[in-house]
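The chain below stands alone and is given as structure tokens, in the form predicted alone.
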């Protein structure tokens, strides 16, 4: 099963429907999209790149990104998407690790990429010069690798997750069962990097003949998004929680309602209750939460829009604090350190097994042995599952703070801090303490014009949690360090703490 065959089918069924858009301008219908991607695949094969070979994609968000991605699959090759915000040295390491002989780039990104041929597929002349392809997407077994997904590497060198065509198929089909429906009048809006979650949702939108809309800015701009949504009238997109926070703040400040936004799927980091409540107040029932990892992309659990929006449900507060119930193609269980399931409601490591789970990392048997056990993926996340099957995600196992023999989950402390009107952002980490083992340290970004102090934040926390959980130290900062995907770099903050007396 080659996922590119879905583009063959879409081009036959909806040849004239808009497929690739740059802002509101249509750059290709489905027949044109298919022709360009297939021609690029034929060009790759003509250069000796075929099944099993890797091709890097180090590009900013643009319509040609999808031509390059599907072009790799038309060649039977493995795509290696790399976030365009990475430094050239980081991108070069990924290219070298994957063994890709060629890298598609957008202008300016090729600088600093050495030892590999760089090709810019965004020029009209390049695509026009490609010879038309004969035949459709080549047949591949479902366990053939489609995508090498490199993890963010916040704790060391990134690992390449082997995502197969079968995994993409399972993930895409469960999207329409557990996450959201897709219609031909919809458009997938690529505000988040196409190298990760946003791009992983492109196949299901191809399958249903929806448009693919890349913003002219090439990224996330709240004003541009709201204006485009109002013009198109049916946008769906993936966002990190930090993006939802920024979009909500902008809409509130400028009177925006999000008209034309159909669905925002959020995941990839903690969504705090205060943020989702504010987003619902501004935009209404447009939100779906998913929980996944590169090792089981976008497909571990889902919290559908009806549950997210139903604040009249007496269990709403508990359910909105969860990441939802297991998606249809996986089993999820909570286990102790020996891999034994724990009783409902108790904490343990979240483990998942099913069709969207990776077969392993790229050329990394040591990491495979640590991460996959008897077909079960050890996520490294700590959580619990209630009687209704809702999974509460507490923290990464490495993030848990042990102070005075008590387990403290940073997210719980962050949630409490964020209910203070003067706190814009918060990040909680542990700091070595000779007395208690670890102390709780809170990095706090004050809201504009807010005046904060340790005393008033302590009072605020003491009203909401046990005394032993409250931070012992506060660091007031202008911003939190984040990676290219908007995730807070807790490792960097921990490293700062290791040097603080």
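Rigid core (definition): largest C-alpha set, two forms, superposition within 1.5 Å. Residue numbers count along the first chain shown, from 1. In this text the structure is predicted, and so the values were computed from the model without any measurement.
What comes next is about the form predicted together with adenosine monophosphate, which is not displayed.
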Check: Three residues, 65, 234 and 260; all within 4.5 Å of adenosine monophosphate in the predicted complex via heavy atoms?
Finding: no
Margin query: My question is simply whether residue 76 lines the interface with adenosine monophosphate in the predicted complex - judged by any non-hydrogen atom within 4.5 Å.
Written below: no
Next item on the list: Find out whether any non-hydrogen atom of residue 289 is located within 4.5 angstroms of adenosine monophosphate in the predicted complex, and reply yes or no.
Entry: yes
Check: Looking in the predicted complex, any heavy atom of residue 189 within 4.5 Å of adenosine monophosphate?
Finding: no
Notebook entry, point to check: Hey, in the predicted complex, is residue 381 touching adenosine monophosphate, heavy atoms inside 4.5 Å?
Noted result: yes
Next item on the list: Among 338 to 346, 264 to 272, 181 to 189, 417 to 425, mark the stretch whose residues have heavy atoms within 4.5 Å of adenosine monophosphate in the predicted complex.
Entry: 264 to 272
Item checked: Contacting member of 401, 214, 323, 145, with respect to adenosine monophosphate in the predicted complex [4.5 Å, heavy atom] -> 323
Margin query: Just to be sure I understand the contacts: of 393, 137, 332, 308, which is the one whose heavy atoms reach within 4.5 angstroms of adenosine monophosphate in the predicted complex?
Written below: 393
Note to self: At 4.5 Å, heavy atom to heavy atom, what parts of 292 to 325 sit next to adenosine monophosphate in the predicted complex? List them in sequence order, or say none.
What the structure shows: 292, 293, 294, 295, 323
Next item on the list: Compare the position of the CA of residue 29 between the shown form and the other one after a rigid core fit and state whether the shift reaches 2 Å.
Entry: no
Item checked: Post core alignment: residue 438 C-alpha displaced by 2 Å or more between the shown form and the other one -> yes
